[in-house]
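Starting off, we have a lone chain in the form predicted alone, written out as structure tokens.
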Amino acid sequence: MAAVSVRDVARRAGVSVGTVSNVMNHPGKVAPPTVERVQAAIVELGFIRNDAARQLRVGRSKTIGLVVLDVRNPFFTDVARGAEDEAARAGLTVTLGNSDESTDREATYLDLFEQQRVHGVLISPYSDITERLRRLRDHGIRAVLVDRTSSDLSFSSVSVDDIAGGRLAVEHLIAQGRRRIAFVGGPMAIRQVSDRLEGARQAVATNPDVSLEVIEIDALSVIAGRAAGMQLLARSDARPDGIFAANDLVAMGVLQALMMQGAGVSVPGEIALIGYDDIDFASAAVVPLSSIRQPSSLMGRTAVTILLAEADDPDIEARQVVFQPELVVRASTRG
């Protein structure tokens, strides 16, 4: 059975399609008897208003598209929650896309959001998508980067100073007396990972008696972290005495390997371990993890605030909001 249309309602009520539209959108412009007649026809025919189609006709929907690197990472869950809360205040909803660190999936979501004419896009990009975001902007869809700055500062962004965060993490390990430090993270194509490594290198550069080993992994996951931890355990000697993991999921994987039955590695006695993001699970680990905290929920809320301002005023200048990270010390580094 075909869906009931506005034309069907107009015929039943004996009015024009424009009158039906006014009844639904501006009832004050229509005489009360006519409003009653149209409303009766709507009920009688079972007409359901297609808000999505209406929003597309006026230029954009009431949806914000959000693309994150890995939806399994609680950091991005918190970012999404903050974005949802702020969007709801404006009567908007958030549609979440998981690029899974894939350029193809990232492009697919951006294409989809463009086709849907979303109110705007928030994205934590895996690749350099400056040109793609310019195309969105040319079509009236604004975009704000999350957890990463714009390469040419032409787009607004909300991020954390990851170089400072990496430096903070390794300076803490050095202050705990650690001299053989390993950085576990990857892929290096992810800007956040390379920035955290750069901060680690800066901290080591000012301490000539400290060495830094880089162990690159293919994903920021517990499984990849566990594999790196097993790799370290397989060594007969020259193990690091401090490990900086690029995020808390990797740190938890490393910790699982070090704490395996028979491994015989004491944390933090033999190896101190620090992560990044300060997700909820960090404090609940078998050995509570030290971490570098990011204001994840606040980042999501701030990104939506900027996006809404740009959607209302296309001539507004791009803003780069950079939060400072915070060291959270727990048992995994505290001697």
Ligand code: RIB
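Note that the structure is predicted; figures quoted are calculated from it, not measured. In case it trips you up, residue 1 is the first one in the sequence shown, and so on.
Not pictured, yet referred to below: the form predicted in complex with alpha-D-ribofuranose (RIB).
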For Ile306, is any heavy atom within 4.5 Å of alpha-D-ribofuranose (RIB) in the predicted bound form, or not? no
Should Asp147 be classed as touching alpha-D-ribofuranose (RIB) in the predicted bound form when contacts are defined as heavy atoms within 4.5 Å? yes
Mark Leu173 yes when one of its heavy atoms lies within 4.5 Å of a heavy atom of alpha-D-ribofuranose (RIB) in the predicted bound form, and no otherwise. no
Would Gln116 count as touching alpha-D-ribofuranose (RIB) in the predicted bound form under a 4.5 Å heavy atom rule? no
Going by heavy atom distances of 4.5 angstroms or less, which of Ala83, Ala251, Ala169, Leu220 would be at the interface with alpha-D-ribofuranose (RIB) in the predicted bound form? Leu220
Position in contact with alpha-D-ribofuranose (RIB) when the complex is considered in the predicted bound form, options Ser194, Asn73, Gln256, Ser127, heavy atoms within 4.5 Å: Asn73
Full three-residue contact with alpha-D-ribofuranose (RIB) in the predicted bound form, heavy atom 4.5 Å, for Ala87, Ser156 and Thr302: no
So which stretch, 227 to 235, 209 to 217, 89 to 97, 74 to 82, is the one near alpha-D-ribofuranose (RIB) in the predicted bound form (non-hydrogen atoms, 4.5 Å)? 74 to 82
Since the partner is left out here, which residues of 281 to 296 would have a heavy atom within 4.5 Å of alpha-D-ribofuranose (RIB) in the predicted bound form? Gln294
